[in-house]
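As a starting point, one isolated chain is supplied in C-alpha cells, in the form predicted alone.
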Amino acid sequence: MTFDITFSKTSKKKADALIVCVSAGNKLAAGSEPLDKETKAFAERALEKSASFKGKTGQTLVTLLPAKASYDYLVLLGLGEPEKMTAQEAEKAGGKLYAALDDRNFKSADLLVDEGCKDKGLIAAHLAVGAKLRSYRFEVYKSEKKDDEPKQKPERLYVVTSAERDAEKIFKRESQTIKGVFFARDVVNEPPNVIYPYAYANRILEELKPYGVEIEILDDKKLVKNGFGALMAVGQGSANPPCVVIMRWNGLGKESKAKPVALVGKGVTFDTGGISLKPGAGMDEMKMDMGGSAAVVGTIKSLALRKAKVNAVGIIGVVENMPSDRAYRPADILKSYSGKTIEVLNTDAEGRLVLADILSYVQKLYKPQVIIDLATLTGAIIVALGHEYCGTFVNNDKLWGELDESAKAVGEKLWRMPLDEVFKKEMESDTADLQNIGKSGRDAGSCTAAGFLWHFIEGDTPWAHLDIAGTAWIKKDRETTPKFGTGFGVRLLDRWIADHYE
C-alpha cells in the first residue's frame, strides 16, 4: 500500500484528521488558511488542558472533534520555534507525525503548515519527506490479516500551504531519492534465501535497466578468467557462485569524456564468517552484510530517476561467505586482481577482500575522478561509534569537507576516523604482500581495515571509505527510519553528487 502526499493551497475537508501546527509554549499557529472559530476554540482548550504537550518539535496531541465538525479528529503537531526550524528538524517532525497517524489508524489527513516558518515551502516539503521516509514498510512475507483484525494504514497526506509550488518542487526532487532509499532498504531486509548473488544481480538488472542504467554482470567464470582471486576465494565455499555487478549512469551523454564518480559497495548477501565461524546468536542479522552494495544501487537508481547530469559508475562485489569443504581457509594465500598477494588470517575478514578486487578493477577500467566505497566492514566501528555515526576514512581533506557538508544537510551522520600510514603498514604480511587482519589482532580494527583497503588505491586518487556497519541496520524505530534496513548512504551520496559533481 502506498502513502501518497499532495500539496494544495486549500484543505479538502474530506480527510479523517486535521493537523494544526503548534509552536513552543503551546501557541496555536495560524496555519496556511484560517481555522473556523469552533475548531480553533477546541484546539486552544485541548492545549490548555494538556499537561504533557508543550509544542516541542515532533510532539503530537490527538483529540476527537465534535460530531458536526468537518473532520473526525484534530491532531496538534509541535514545531518548536518554526521561524528557526531546519529541513532536518522538519523531517523528524514529519516522521513522528506519520507514526501518530499510523498508531491511530487514520487513512488520510490535512496538514496546515505554520505561517510562522521562515521558509514555508521548504518546511512543508520536508515535513512531507519525513512522513514519507517513515511510511516505509517491509511486509512481503506477512500473511494477510484476518477479517476481524483490520489495521488501516495512512494512505494520503494533504499538505496545505500558500507556498504550494515551492513545496511541491522540493518534494518531487526528494521523492526520487526516497525511491532509491526504499530500494536499498528492501534488498537489505530480504532474506538470504531470496537475495543471494545471482538473484540480487537479476533484481538490480530488472530495477535499474528501465531507467537507462547500463548493467554488466561478471559471472564467476569471467571473474576467474580476469583474476578476481580475493573475491572468488570468499565465495568459493558457497553453492551460490559470486558475481560482480557494474552499473553505469551516463548522465552527461555517451559522448562525454568526463571521468566518472565511482561508487563501490560490499555485497556479502550472507556472512557466516566462513571457517572462522561467527557465534550463532545474532547471525541472522548477517543478511544485512550487503548494506554497502544496497547504498550504491539505491544511489544509482536515484541518479537515474532524476536524470542527474553526471557520469557515475557503481560496482558491487556480490558473494556469500559459507563454510564447506570448498571454503577458503586461514593461512591461505590469495592473489588479488591488482597482483598483490594476501595472507588470510581470518575468513570473517572477508569484506575487505571483496572490496580489494573491485576497487582495483574500477580504477583500471574507468580511471574515476573520485572513489567512495561503502561497507558493513567491522564490528569495531560499532564499538567506537554505536549506531549513530558512520566511521569515515578519507585520504583527501577537500573530499572530507564535501562529504561532511552533505551529511549534515541530510542528517546521515559521519565521523572522520584516522587514516594513518601506521595502520597501512600494520596490514603488511611476513609471508605475502598483505594480510587480512592487523598484527595487533582486534586493536584499531576499523582503522587497520581501512589501512588494508588503502593499499588498493592508486596514486593520489581522492577516496573515502565509509564503514556503515553501525548505520545500515538498526533495531529500534527512529523518527524517519523504521527498524532494520535503513538505506543509509543513499541520501548522502545523492546530495554529495548533486552539490559537488553535477
Ligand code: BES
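Everything quoted here is computed from the prediction, not taken from an experiment. In this text, residue numbers run from 1 along the sequence as written.
Same protein, other form: the form predicted in complex with the named molecule, not shown, and the subject of what follows.
The stretch from 416-424, 340-348, 118-126, 82-90 that comes within 4.5 Å of the named molecule in the model of the complex, counting heavy atoms only, is 340-348. The three marked residues, R185, I204 and L305, fail to reach the named molecule in the model of the complex, with no heavy atom of any inside 4.5 Å. Taking the partner from elsewhere, I358 is found to have every heavy atom lying beyond 4.5 Å of the named molecule in the model of the complex. By the criterion of a heavy atom within 4.5 Å, L377 is counted among the residues contacting the named molecule in the model of the complex.
None of the heavy atoms of D110 is located within 4.5 Å of the named molecule in the model of the complex. At the 4.5 Å threshold, heavy atoms of M288 reach the named molecule in the model of the complex. Just one of L61, I437, L453, A29 comes within 4.5 Å of the named molecule in the model of the complex, counting any heavy atom, and that one is I437. For the residues K278, K408, K153, K179, the 4.5 Å heavy atom test against the named molecule in the model of the complex is passed only by K278. Applying a 4.5 Å heavy atom cutoff to the named molecule in the model of the complex picks out A469 as the lone residue from 454-483.
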